[in-house]
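Given as structure tokens, the chain that follows is alone and in the form predicted on its own.
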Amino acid sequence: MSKGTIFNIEEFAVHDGPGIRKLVFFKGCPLHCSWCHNPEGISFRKELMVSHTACIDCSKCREVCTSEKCIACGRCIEVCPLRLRKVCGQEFEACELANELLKGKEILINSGGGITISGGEPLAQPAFLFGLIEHLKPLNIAVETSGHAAAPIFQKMVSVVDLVLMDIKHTDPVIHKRYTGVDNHQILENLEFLCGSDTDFYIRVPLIPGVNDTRENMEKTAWLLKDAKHLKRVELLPYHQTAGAKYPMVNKQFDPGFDTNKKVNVWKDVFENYNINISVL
């Protein structure tokens, strides 16, 4: 039986595929995007999350801690008087998680919705992902992915889901690696496969000021998508300044490497020129 780790389940999601959906976040990602809004989803390990800004420094957490380095054991959670601590990351069997996600499935079905699997990167836990999908059928299943995965894994995913939501961070491999930690060669190969497949998909472009929000990059992105058979729409997601708020909670420093105060450019007309359905979220 396949096991995996998730870090959140969101009820009544309406922006991650058609209808009302449950959204489950897999923990762990091979990319390290400098603008990541979910830093707690990067590591594959369980982590302690702490709301430091509200801490009254009562020392109760330190009194019960027996480790020099945090191992996310949870002892400090029980003694925190303001409940400012939690362990991020929970391990499930695929069938066990499916049972949790299928609770109240009638609401999802009646709305034309289903389950969306996001992350982190779902394709980084492939056995768990495919085991979960098997237990969730025949509900409508969507997977949100960076596309950074070996071709056989990506292609299998495309063949077993109803909808793919794929991010395109940048078309230039050097810039892509600078801001995500990996180049985009495999991602673009997988995108080409997706564009020629019979599976419906959305493309999501996080618009990052001074990084990928140039007209040239949008032109190249649109050109890659112009002949896609089952592209339903492109969604542009402008960067917003709340991205860094959770980094101190998981003991990470937010150092994005770009001007977070700069206004982002939105080039809807580039996609409209190719008759691509475009929206700004």
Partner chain sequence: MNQRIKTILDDIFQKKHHVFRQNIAPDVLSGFTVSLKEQKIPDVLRVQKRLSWVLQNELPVILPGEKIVFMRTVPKIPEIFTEEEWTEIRKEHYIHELGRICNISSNYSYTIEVGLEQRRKEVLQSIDIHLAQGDKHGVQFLQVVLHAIDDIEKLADRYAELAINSGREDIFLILNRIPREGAKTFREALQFFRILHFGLWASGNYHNTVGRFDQYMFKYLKNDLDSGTLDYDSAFELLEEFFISFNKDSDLYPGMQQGDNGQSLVLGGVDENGNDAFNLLSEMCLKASLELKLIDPKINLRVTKNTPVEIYDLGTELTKQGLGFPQYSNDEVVIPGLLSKGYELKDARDYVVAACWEFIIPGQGMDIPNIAALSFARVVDTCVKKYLKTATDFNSFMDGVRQEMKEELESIGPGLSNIYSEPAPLQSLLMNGCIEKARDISVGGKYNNYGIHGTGISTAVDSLTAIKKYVFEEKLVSAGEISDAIRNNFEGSDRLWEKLRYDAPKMGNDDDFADHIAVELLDAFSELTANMKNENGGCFRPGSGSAMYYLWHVKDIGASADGRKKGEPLSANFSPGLNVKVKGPLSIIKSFSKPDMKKIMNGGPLTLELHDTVFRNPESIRKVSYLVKSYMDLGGHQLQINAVNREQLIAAKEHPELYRNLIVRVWGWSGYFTELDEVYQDHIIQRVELSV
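Positions refer to the first chain, counted from 1. Only a predicted model underlies this, so the values are computations on that prediction, with no experimental measurement involved.
Keep in mind that the form predicted together with its partner chain is not shown, yet the notes after this line are about it.
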field: Contact flag, Gly104 vs its partner chain in the predicted bound form, heavy atom cut 4.5 Å
entry: yes
message: At 4.5 Å between heavy atoms, is Pro256 in contact with its partner chain in the predicted bound form?
response: no
- prompt: Is there a non-hydrogen atom of Glu272 within 4.5 angstroms of a non-hydrogen atom of its partner chain in the predicted bound form?
  reply: no
query: Hey, in the predicted bound form, is Leu108 touching its partner chain, heavy atoms inside 4.5 Å?
result: yes
query: Quick one: of His240, Arg215, Lys229, Arg45, which gets a non-hydrogen atom within 4.5 angstroms of its partner chain in the predicted bound form?
result: His240
- prompt: Hey, of 172 to 180, 153 to 161, 79 to 87, 189 to 197, which bit sits against its partner chain in the predicted bound form at 4.5 Å between non-hydrogen atoms?
  reply: 79 to 87
query: Three residues, Gly28, Cys65 and Ala127; all within 4.5 Å of its partner chain in the predicted bound form via heavy atoms?
result: no
message: With its partner chain taken in the predicted bound form, which residues across 42 to 75 come within 4.5 angstroms through any non-hydrogen atom?
response: Ser51, His52, Thr53, Ala54, Lys60
